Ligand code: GAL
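Next up: a single chain in structure tokens, the form predicted on its own.
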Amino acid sequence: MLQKYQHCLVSLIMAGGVVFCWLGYMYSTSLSPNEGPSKYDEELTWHPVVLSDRSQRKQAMLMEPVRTDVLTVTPWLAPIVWEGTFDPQVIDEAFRSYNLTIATTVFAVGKYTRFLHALLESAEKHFMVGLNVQYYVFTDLPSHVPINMTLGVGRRLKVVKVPKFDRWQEISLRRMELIQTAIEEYIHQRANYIFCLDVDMIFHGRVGPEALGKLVAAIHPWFYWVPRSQYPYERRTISKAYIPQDHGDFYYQANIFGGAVEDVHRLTKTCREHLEMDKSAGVEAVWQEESHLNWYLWKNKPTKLLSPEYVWDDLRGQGAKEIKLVRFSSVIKNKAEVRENP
């Protein structure tokens, strides 16, 4: 009886931590502790989200342990978003009045342009519905971008021309640099948050403002049940992405990451610098930008984690009982056929 009581108490504390952390990050500014004003401060204004009395009552119901089969809060008290850990109506009501804009970057280079239409079409049905979204499509083939797609109110698409890359690895290596530059040149003036998506993905269900946070990462669908020793971190000390054995938290996938514009700018800038240092040393991290992303998120803990619902792999099928809803997934494809080189 005592063990059952202790289990319920722990579950209650974990569920309460999710709500507390979600509300807490909205009251924080986009600056890290001990930092002075940023050059972005004059363009963007950050507001706390205030819930109505009705929404507060509904949100309070989530203090009950609704998911005990999965981890819903990290050791540093960041919420992990799963189906059942939030009330969509409460979240939507809280964000509706703030007129937020979400910048969304997508790289569609070479044969990968074939996935763009399906991604954008599904995003219009499921991604940040009701909020302003600015799609930024980085491509070497602008004529392949479906610019005549019908987009919702407050949603726009901009094509950004990039050079053709000889190796698919080079696309991965350059993405951080190109996102950093885009933030500095125009995105910081137009958006409150930014998400960076892979193009060979498709939305199947809601990905809404419950996913917003200062620094947001998604847990890799192939590694969320395995021990940390099996994470495919970069283990060579010569690389700037090096994470020692017995270190690290989760293994994050680079198919989707995001957050407040300034926080993502800091992430992309650091990763770009480290990628350049590796290149100068003749080193390429085992999983290119994803390895550097994991290093950064090890050193700079994300304020919100997205469960594998938000970055599923269709190759895994639908058999995982803890996955109640696949929201965003990578499509099955012949990688050798779509990549510029093996």
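Residue positions are given as counts along the sequence shown, with the first one as 1. Bear in mind the structure is a predicted one, so any value in this text is a computation, not a measurement.
Absent from the display: the form predicted in complex with ligand GAL. The rest refers to it.
Shown without its partner, this chain lists Phe195, Phe165, Tyr251, Phe86 as candidates; in the model of the complex, only Tyr251 has a non-hydrogen atom within 4.5 angstroms of ligand GAL.
Scanning His144, His220, Arg206, Arg174 against ligand GAL in the model of the complex with a 4.5 Å heavy atom cut-off leaves one residue, His220. Looking at ligand GAL in the model of the complex, residues Pro227, Glu234 and Trp295 place no heavy atom within 4.5 Å of it. Exactly one of the stretches 282-290, 66-74, 269-277, 302-310 approaches ligand GAL in the model of the complex with heavy atoms within 4.5 Å, and it is 282-290.
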